[in-house]
Ligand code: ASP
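Just one chain follows, in the form predicted alone, and it is written as structure tokens.
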Amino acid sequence: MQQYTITIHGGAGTILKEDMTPELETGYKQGLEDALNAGFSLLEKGGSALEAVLAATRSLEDCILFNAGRGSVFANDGSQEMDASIMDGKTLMAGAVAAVRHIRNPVELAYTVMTKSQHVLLIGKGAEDFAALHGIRTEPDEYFFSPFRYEQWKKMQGTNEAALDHNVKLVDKKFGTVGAAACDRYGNIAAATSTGGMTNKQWGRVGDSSIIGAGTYANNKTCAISCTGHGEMFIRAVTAYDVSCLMEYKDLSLQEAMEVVVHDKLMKIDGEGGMVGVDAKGNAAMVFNSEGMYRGIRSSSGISDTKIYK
């Protein structure tokens, strides 16, 4: 039996301690702890990395503080459109959904696309019809309503701007995405990512969270990665897959590859954000180029930690 590990994130960006109340900080820390508990408890029982990232991401979607699932931001038309993806490093199978509404746990739907269809990515009404066919749980608009998110959206109404998660002052950016990467005791790895996107987004905008290779990637030969940041830049940089390529073709370690992508390649195109990842030996890394990233890690070697600030 080898080391097993899970690492999670709940978004990155301009996250400063002076902007955080003690109550809110405690809430975020608890949300991260709950997700670590959900994923790591499965790894402890001999569960798969795929099961662990699914459980951890689902837990983060259920926490109204994070911009995914229940806490998703409002789009331009007042709806909440969500994106998610999941990938199995053992088989290279993947599933994703984009621009779905009323789905309680979009990552669950992404997993079902992977396991119950011949496709990788389903969007909009087609994805919702597929969800209904497979009994995926839905919720009414009231479930997704957060006064905090609603006030953000109201401030943006009447503009053509879209804001990145928490703060509608565009100079103070936060990138709301959640995700997880895990390695199980058998050396298999997996990753999952989920988001509510950008406040006041228009025209069916889709970010990197549902794009395999950009926001999510997993391959037992290299790494499992889940990203959070300005999605357009992460798509252009094919960010998650680039980490894998640096490991496979340049023989970099997980930490080294993530540092190159986050602090060099992304920075050159003004790509702000971060990522969490694991390799098939249970090593983990959490790298970001912003002021903060909600993040956590737990390992069978005894490591257990949650952090918010730089």
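Quick note: we count residues from 1 along the sequence shown, nothing fancier. Predicted model only: the values in this text are computed from it and were never measured.
The same protein also exists as the form predicted in complex with the named molecule; that form is not shown, yet it is the one meant from here on.
Chemist: How about R205 - does it come within 4.5 Å of the named molecule in the predicted complex, if we only consider non-hydrogen atoms?
Modeler: Yes, contact at 4.5 Å.
Chemist: Answer for T195 alone: is it within 4.5 Å of the named molecule in the predicted complex, judged on heavy atom distances?
Modeler: Yes - in the predicted complex, heavy atoms of T195 and the named molecule come within 4.5 Å of each other.
Chemist: Although the partner isn't part of this model, could you tell me whether G231 comes within 4.5 Å of the named molecule in the predicted complex, counting any heavy atom of the residue?
Modeler: Because a heavy atom of G231 falls inside 4.5 Å of the named molecule in the predicted complex, the answer is yes.
Chemist: Considering non-hydrogen atoms and a 4.5 Å limit, does the named molecule approach S226 in the predicted complex?
Modeler: Flag for S226 set to no.
Chemist: To test your reading of this chain, name the stretch in 207-215, 84-92, 102-110, 117-125 whose heavy atoms come within 4.5 Å of the named molecule in the predicted complex.
Modeler: It is 207-215 that comes within 4.5 Å of the partner.
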